[in-house]
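First comes one chain, alone, set out as structure tokens in the form predicted on its own.
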Amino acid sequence: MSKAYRARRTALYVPASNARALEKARTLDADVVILDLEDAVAAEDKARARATAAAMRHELAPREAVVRVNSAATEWHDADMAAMAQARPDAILLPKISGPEDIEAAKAKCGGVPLWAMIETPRAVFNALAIADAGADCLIFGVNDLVSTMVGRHRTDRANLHAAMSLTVLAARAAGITALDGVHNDLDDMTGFAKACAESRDFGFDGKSVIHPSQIAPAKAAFSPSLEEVAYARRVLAAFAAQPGASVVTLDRRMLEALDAQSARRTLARAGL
């Protein structure tokens, strides 16, 4: 099964300079915790945040610990990469990238730590597949930076982002990796957040980036299969297991092919099973 189907329904951003938020993150039911060294950390706190993220890497299990470093254009990038190559989080998240050359450059600095990529610039949108093929293990759609560089405005229906959302998902699917949707900024708009989760699930994203603990449960529910879907997936796999080597089986008077077994495995993975 492709590595794209690891359960990453929720990815919580936590500023690595915020001690209280970091302590809280240890108790939250997010699949991924992104320790942020970039946008959420002031310049004077960069070094302290870097050291904290490196030290915390092993304290978040079973959650995946991902560190978003500062971009290659900044003075902090090389120190971030060197520290994370030594600390070895589950992944390093690269912001503000443009194309596959950014992944290649990061490979030389990451010490073999998996690389994730923010798709948050116009060039990154058009180069999404090349970025994935260059070795990114996950694409994260960056809403705020992309709208800003588009010189656009945030819309509740995100109609102005649909093309970029589709390109991000299609690139991830072509490369067999994970695609995560961007953040929802209005913490008081839980109705709008639920709609955004449903929309991104319909687009094919594997999960949602979140910025507050209150967003974790609804996002996890939106990207998790129902009990009925899980039960059916298990029956599909049982049907194939009962007929080893069969390319086609029958279940409930329906013909099932190998792609149905693949879909069933994906369903269980989405449920974290």
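Model, not experiment: these values are computed from the prediction. Numbers for residues come from their place in the sequence shown, where the first is 1.
Just so it is clear, the following notes concern the form predicted together with ligand COA, a form of the same protein that is not shown.
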> Counting only non-hydrogen atoms and a 4.5 angstroms cut-off, does C110 reach ligand COA in the predicted bound form?
Replying inline: no
> Even though ligand COA is not shown here, does D36 get within 4.5 Å of it in the predicted bound form, heavy atoms only?
Replying inline: yes
> Quick one: does A21 come within 4.5 Å of ligand COA in the predicted bound form, counting heavy atoms only?
Replying inline: yes
> Would R234 show up as a contact with ligand COA in the predicted bound form if we use heavy atoms at 4.5 Å?
Replying inline: no
> Quick one: which of 234-242, 36-44, 50-58, 217-225 gets within 4.5 Å of ligand COA in the predicted bound form, going by heavy atoms?
Replying inline: 36-44
>> Just to confirm, with a 4.5 Å cut-off on non-hydrogen atoms, which of L187, A73, V151, A163 contacts ligand COA in the predicted bound form?
In response: L187
>> Can you list, in sequence order, the residues from 7-25 that come within 4.5 Å of ligand COA in the predicted bound form, counting heavy atoms only?
In response: L12, Y13, V14, P15, R20, A21, K24, A25
